[in-house]
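Take a look at this one chain, the form predicted on its own, written out in structure tokens.
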Amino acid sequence: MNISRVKKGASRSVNDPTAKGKGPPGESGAISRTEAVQDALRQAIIEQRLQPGAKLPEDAIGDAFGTSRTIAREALGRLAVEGLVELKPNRGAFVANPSLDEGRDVFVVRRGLERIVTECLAGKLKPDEIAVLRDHVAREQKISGHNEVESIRLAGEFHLLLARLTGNQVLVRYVTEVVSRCSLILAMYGRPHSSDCGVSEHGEIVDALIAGNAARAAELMDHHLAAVASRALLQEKAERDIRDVLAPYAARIRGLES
């Protein structure tokens, strides 16, 4: 596996194309306007800025990003394929709004997939791959308790980084999808994120993988994800205008284009 690709992607958002096994954008040329809007919307959903069930008007999204409704519509369609957006006939697009039962089902699938990830990696990590993992956990430790949104982002990226290290693109794709859906579930039902606990568990998983103890790594991963799922607790979320929510993401795109 080309570790340079992982190093480049390790500090990027959970929504980065690298997480889907496509490689950093710089390696394949500039991403399209539609992809930029798609990635920004995905990040807004994963970072819990756009809440589950929120309406996603094409005109408002077009206004926020200074683009056409056609591009907004295409981006929403792609996110619907990922399971992050729900398209309702004659009503428009909405952030996917999974029930608690659906959420439990997703976590069951995720736990199974990530056990496979640990089995693929145990005892097989190269020194440079270990360094990447250690660096990521160190960044999680540094930000823990200081920036809730960043802690959540890095926590998700840890799991995507492990999946990418397997080199199995099918596994990467499915892990990416369930991690994104789990972020949605936690956005709707989750208690405040316990980053200290998460960072400690991530470090233990890495230690078990380095030691080549596949059974221990799988057990730790399963316990970790069960703890994440146990944070589910229904609570009301205040609504915000979609233009205000998307403003910083639009500014980011404009900055890349300038």
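A quick note: this is a predicted structure, and the numbers were derived from the prediction, not measured. Rigid core (definition): largest C-alpha set, two forms, superposition within 1.5 Å. Don't overthink the numbering: it's just position in the shown sequence, from 1.
Absent from the display: the form predicted together with another copy of the chain. The rest refers to it.
**Student:** Please pick out the stretch from 151 to 159, 111 to 119, 125 to 133, 138 to 146 that is in contact with another copy of the chain in the model of the complex, where contact means heavy atoms within 4.5 Å.
**Tutor:** Flagged stretch: 111 to 119.
**Student:** Of the residues Leu184, Ala72, Val106, Leu165, which one places a heavy atom within 4.5 Å of another copy of the chain in the model of the complex?
**Tutor:** Looking at the other structure, the residue within range turns out to be Val106.
**Student:** Can Met188 be called a contact residue for another copy of the chain in the model of the complex at 4.5 Å between heavy atoms?
**Tutor:** It does not: once another copy of the chain is placed as it appears in the model of the complex, Met188 has no heavy atom within 4.5 Å of it.
**Student:** Indicate whether Val178 is a 4.5 Å heavy atom neighbour of another copy of the chain in the model of the complex.
**Tutor:** Val178 belongs to the contact set for another copy of the chain.
**Student:** Heavy atoms within 4.5 Å of another copy of the chain in the model of the complex is the criterion; list the residues of 156 to 174 that meet it.
**Tutor:** Residues within 4.5 Å: Gly167, Asn168, Gln169, Val170, Leu171, Arg173, Tyr174.
**Student:** Could you tell me whether the Cα atom of Lys142 shifts by at least 2 Å between the shown form and the other one after core superposition?
**Tutor:** Lys142: C-alpha displaced by less than 2 Å between the shown form and the other one.
**Student:** Determine, after fitting the two forms on their core, whether His223 shows a C-alpha shift of 2 Å or more between the shown form and the other one.
**Tutor:** Where the cores coincide, His223 shows only a C-alpha shift between the shown form and the other one that is less than 2 Å.
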